[in-house]
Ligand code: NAP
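Take a look at this one chain, the form predicted alone, written out in structure tokens.
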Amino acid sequence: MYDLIIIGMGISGISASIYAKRAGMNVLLLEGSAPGGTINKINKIENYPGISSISGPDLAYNLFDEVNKLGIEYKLERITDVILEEIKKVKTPNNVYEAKYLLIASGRHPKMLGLKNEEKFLGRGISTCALCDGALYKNSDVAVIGGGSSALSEALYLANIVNKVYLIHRRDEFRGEDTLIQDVKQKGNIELILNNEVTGLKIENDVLTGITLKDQKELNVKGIFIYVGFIPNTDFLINSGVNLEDGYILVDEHHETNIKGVYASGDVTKKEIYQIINAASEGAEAVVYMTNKTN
């Protein structure tokens, strides 16, 4: 029996675990993939106070190192179900864990385009992580799809590795940070394709060779990097009774859900701003409100 179980070891979950540990709580962190979550897939972070510039994997390592230094218990197990009664039960394929409180900080994952053969070629020409796969396309032509800050920053990262980057956005203006937009426009090997969409994949001999656009134009590219939004990781909550909107968890001003003792923080919650800094603060705040209630 734990005082608190935290689902997710991204910056929000780890921030919460640090505050819980320092408050004297018996806490367990659960993570279905790698500590650090989606931070591991970010090339460069330059908007976090006190850190002028750091790679995503380095920040993830620092967070995980702090978990270990504080002796916070963690387990790398996939969550399959939760039972949210007075005692909260969290199920994994091999275990059931119990706690008085539950904090859900499971984050979200990239949305795909919904094209034919898209899933088949994920990892074989299609990627959602330039940092992970960019080196595979050295001196080749690639396409980045999206118009937000993620697409812009990853296009810039890839432009230093590949021969050419086609940056494709379905609107006529980008919606990312102004500094990134200016940097992209000034990069000589990034070609902007606006008011257009990818409608199909070109496949030859079971190898991805390019894409077809809405205007029927074809681009010969060896790699496609997709940044068109996210889907919250809430599949395990379908039968839990937790209120969701578009898959995101609804919380009150104290980060508590409609179920007493169940909290949520970070990118898995419904909100207006999705940034590393507020994900970290939300995890900390949830634990502070939780402990104030207990005391």
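What you see is a predicted model, and the numbers here were worked out from it, not measured in a lab. Numbers follow the displayed sequence, beginning with 1.
Keep in mind that the form predicted together with this ligand is not shown, yet the notes after this line are about it.
The partner is absent here, but in the model of the complex a heavy atom of 175, alone among 89, 187, 175, 222, sits within 4.5 Å of this ligand. The single contact residue among 217, 138, 171, 116, judged by any heavy atom lying within 4.5 Å of this ligand in the model of the complex, is 171.
None of the heavy atoms of residue 203 is located within 4.5 Å of this ligand in the model of the complex. Taking the partner from the other structure, this ligand in the model of the complex has no heavy atom within 4.5 Å of any heavy atom of residue 106. Contact annotation for residue 180: at least one heavy atom lies within 4.5 Å of this ligand in the model of the complex. Contact check for residue 151: a heavy atom falls within 4.5 Å of this ligand in the model of the complex. The stretch among 227-235, 251-259, 25-33, 57-65 whose residues place heavy atoms within 4.5 Å of this ligand in the model of the complex is 227-235. Although this ligand is not shown here, in the model of the complex the stretch 17-54 places heavy atoms of just one residue, 47, within 4.5 Å of it.
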